[in-house]
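We begin with a single chain expressed as structure tokens, specifically the form predicted on its own.
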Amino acid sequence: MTDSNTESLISLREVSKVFKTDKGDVTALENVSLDIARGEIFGIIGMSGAGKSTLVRTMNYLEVPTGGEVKVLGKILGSLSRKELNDLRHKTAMIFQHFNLLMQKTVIDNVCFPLIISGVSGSEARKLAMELLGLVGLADRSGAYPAQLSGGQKQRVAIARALATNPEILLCDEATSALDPQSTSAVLDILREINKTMGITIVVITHQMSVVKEICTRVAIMDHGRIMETGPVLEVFMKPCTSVGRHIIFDGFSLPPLDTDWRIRVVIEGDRALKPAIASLIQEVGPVSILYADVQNTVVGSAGQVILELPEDEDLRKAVFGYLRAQGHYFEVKGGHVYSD
């Protein structure tokens, strides 16, 4: 949830979606409640089939929920007329994994398309389209056709087209999944700049943890149509509190398992990450082995994590735990038991 003093631009309450198929009902969303604040970049992550794309499509009613309430830009979508819903969709633009460009039209004609169908004159549409292509770094490719562009360039055209209606919200459904790392970085840079300079709220649907860490301030983890946990990116990634979150995140990090009573995972946050925390532990308490160590960098900050192997000495184990508690470090042991200040 967002802070009570922060405006929620998107608010979902107990949203469910059931698809009827020949083989029976399929529940895609189950009692999802979520708030996304104005101006933030919010990530939704989960494995394939978790319900991420269905969820984001309820935010502009491309998927009408079976139950619950969706409120966007202060309006309850279920109460809107078709015209009112179409008007709202102009303010909630969407970009997709496979670009959805018109292959027979040039780059500039693709960007002009939503403007023309909205009644903007041809000359004004082309002027605005060129400005948007300049924003995404493709003004020099305005006369090219999509087949002549790389995947990253196609996605940048899709972003320019999405911005043509002057939206307040940009919904990104696996927008970087088909791109190579360099193209992904370029697209994320553009999205970050759009958020910063234009104040557009961005919702990022992805299965790529690297994308969430690079661009998002908050994140929700989904599994089987449900929100399992949500919070600031660094908090969720370093201290997942559900088995699903731990599976998704720790498998992504390739961490050694905490499969004995003598292994612990320690999180070192903030200014403490800059200090020799483990060296001080060894000096003050006794010898330990470092099996794994890394630093996770996100757009909102960094934190370190270390997996230690302790000698099989119960007194030393208790001393290590006591030292870590005294220093205010979060740590966890076999079975997911967590200790924090």
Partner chain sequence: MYTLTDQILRGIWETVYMTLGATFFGYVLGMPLGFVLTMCHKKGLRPHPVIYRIVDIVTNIGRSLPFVILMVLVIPVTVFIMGKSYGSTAAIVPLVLSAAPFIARLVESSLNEVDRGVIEAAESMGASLWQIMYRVMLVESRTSLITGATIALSTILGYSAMAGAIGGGGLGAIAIQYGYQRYDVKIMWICVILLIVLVQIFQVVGMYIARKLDRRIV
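Residue numbers count along the first chain shown, from 1. Computed from a predicted model, the values in this text were never measured in an experiment.
Beyond what is shown, the protein has a form predicted together with its partner chain; the following relates to that form.
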Stretch in contact, per heavy atom within 4.5 angstroms of its partner chain in the predicted complex, of 103 to 111, 216 to 224, 190 to 198, 123 to 131: 103 to 111
Among the candidate residues Q148, T242, S79, Q182, which is the single one with a non-hydrogen atom no more than 4.5 Å from its partner chain in the predicted complex? Q148
Answer key, its partner chain contact in the predicted complex at 4.5 Å (heavy atoms) among I116, A186, M209, L258: the residue is I116
Taking any heavy atom pair closer than or equal to 4.5 Å as contact, tell me whether M94 reaches its partner chain in the predicted complex. yes
Just to confirm, H90 within 4.5 Å of its partner chain in the predicted complex by heavy atoms? yes
Does its partner chain get within 4.5 angstroms of any non-hydrogen atom of N86 in the predicted complex? yes
Is it the case that M47, even though its partner is missing from this view, gets within 4.5 Å of its partner chain in the predicted complex, heavy atoms only? no
Residues of stretch 149 to 185 in contact with its partner chain in the predicted complex (4.5 Å, non-hydrogen atom): R161
